[in-house]
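Given next, in C-alpha cells, is a single chain: the form predicted on its own.
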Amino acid sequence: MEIGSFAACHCGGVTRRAFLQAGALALGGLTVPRQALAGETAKAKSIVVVWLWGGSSQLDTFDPKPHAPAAYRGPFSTIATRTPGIRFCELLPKLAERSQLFSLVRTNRNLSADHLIAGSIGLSGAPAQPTQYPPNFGSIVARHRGDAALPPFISMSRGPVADGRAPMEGYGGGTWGKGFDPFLLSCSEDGDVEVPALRLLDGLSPARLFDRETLVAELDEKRRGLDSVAARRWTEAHARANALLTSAEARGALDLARESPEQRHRYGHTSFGQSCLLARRLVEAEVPYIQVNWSQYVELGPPPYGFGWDTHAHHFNMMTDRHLPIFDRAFSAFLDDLHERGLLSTTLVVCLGEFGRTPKINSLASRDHWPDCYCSLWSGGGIAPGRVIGESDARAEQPRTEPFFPASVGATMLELAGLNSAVRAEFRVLEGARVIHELL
C-alpha cells in the first residue's frame, strides 16, 4: 500500500484518494466514506471557523455601548454600518461597510471563564469529562465527509491551540482518537506555508517537498541518523510528505506564490492575513472544515505566543495599533474574495472566540475574561445576511434575550454542513442542541 493514499469506494463504486494521518490506522481512525453525498447536498460545502483565541471584547467590536458609563464603554467611538440601526466600533470601518454580507449573534454565552475549558467547550459544544473528550466540530465534519484528496479538517497553527499551561482538550478528535485530529498548517506573514509535522526534518518545506528527485535521498540520509523514537516520528513525517507529494490539489492549494502581489497585499502581510488567504485557497480545493486560528496561544506576548486576544493589560493600545486593524483588513478581504469568486454562498464562515471580555474596565485600564455575553459573526453557506440575533443589556454584561451556548453554535454549523439531527444522534454528538434558526 502506498502511504498517503488508499482504495476507498464511495456510493458510485469509484476509487478515490484519501489523506492518511500517521497513526490513524493503528488508532482506529480510518474514516469511513459517507454515502449521502453530504458535501454536494449541504448548504455549506466548506466551513471556515475564524477563531479569535483569547477572547475579543464585545464592546470594542460588534456590540459597543456608547451610552454606558465611561468605566464600561471605553475610549472608542462608534460608526454606522449598512445594517440600519446597527453600529460597530470605529476601528472596524471595512466590516461596517460590509455588514450586508453577514449576520451577528450578540448573546453567545459559555460555561467557563477559563481559556482551556471555555475553548474546549467553544469548539466541541460540551465540557470534557475525566475520561470523555468530545470531538471538535471539525472532527465531526471530517468523519461525516470521509475521504478526499486533501485532509478534511485543517487547522492553521504551529501546534494544538493552547494557553501557557497546556493545549485545550477540544482541539481535535478527543475520544475518537488521533485519526480525527486536524492536519496542522501554519502561515508566516510572508505567506510561507509550514507543515509542523515536518519540523523533524530540518529545512524541509512544502516547496522542497515538490522536488521529487532530491527528496528521497535527503529523507533516507536523515533517517539513518535518527534513534528509534525519532525514527517513528520520521515515519509520521514521511507519510504526510508523501501524501503532499502525490496530491496535485495539495501542491496547488498550499502555494500562495500563485496569488498576485496585489491579492496578498489586500489581505495584509501578517500571519493572520495570509492565513485567511490560504483558507480561501483551501475552500477552492473543497476542504470541508478549516479553522483559522488568530494565534496558537491566548497570551498577549510576542512569538511564540503570537499576540493573542487575552488582553488583561494594554488592551486599548493593542486594539488600536494591532488587533482590530489587522482583523478588519484581513477578514473583510476574505469575505470580499469569497463573494467575488461565487464561493460565499456555499461556504459557511463563523468568527468567534471562547468568550468575551469584562464590560467593566479593570485596574490596568484593560478587560478580563467574560463568558456571560459575547458576539459571533456568521456569513454565507445558508446564513441570511444583514441580521442581528439577540440583544445584550445596556452594558453588554448579560443577554436580554435568549443566550446561545456553544452547543447551538456547533449544531447550527453541522446542520448547514449536512449533518442533521439524525446524523448527530448516530455520532452521539450535540444531541438535542438547538439550531439557531434565526440565522437561517
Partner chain sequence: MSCSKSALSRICGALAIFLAGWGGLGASEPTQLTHDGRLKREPRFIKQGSEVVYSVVESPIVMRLMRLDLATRAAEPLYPQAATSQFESAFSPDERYHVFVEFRAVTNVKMVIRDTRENRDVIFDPGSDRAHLGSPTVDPRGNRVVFSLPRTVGQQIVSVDLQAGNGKVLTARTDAVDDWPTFSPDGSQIAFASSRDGDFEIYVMQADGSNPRRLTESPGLDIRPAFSPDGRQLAFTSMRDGNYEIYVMNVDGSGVRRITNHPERDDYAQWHPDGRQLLTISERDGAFDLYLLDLAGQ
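Numbering follows the first chain given and starts at 1. Bear in mind the structure is a predicted one, so any value in this text is a computation, not a measurement.
Same protein, other form: the form predicted together with the partner chain, not shown, and the subject of what follows.
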Which of these residues, Gly85, Pro75, Gly342, Gly252, gets a heavy atom within 4.5 Å of the partner chain in the model of the complex?
Pro75
The one option of Arg329, Arg143, Arg281, Arg98 with any heavy atom within 4.5 Å of the partner chain in the model of the complex is Arg329
Do all of Thr41, Thr401 and His437 end up near the partner chain in the model of the complex, with near meaning a heavy atom within 4.5 Å?
no
Within 4.5 Å of the partner chain in the model of the complex by heavy atoms, the stretch out of 132-140, 173-181, 262-270, 285-293 is 262-270
Give a yes/no on whether Leu300 approaches the partner chain to within 4.5 Å in the model of the complex, heavy atoms considered.
yes
Using the partner position in the model of the complex, report whether Pro93 sits within 4.5 Å of the partner chain, counting heavy atoms only.
yes
Is Pro325 close to the partner chain in the model of the complex, meaning a heavy atom pair under 4.5 Å apart or at it?
yes
Is it the case that Phe307, even though its partner is missing from this view, gets within 4.5 Å of the partner chain in the model of the complex, heavy atoms only?
yes
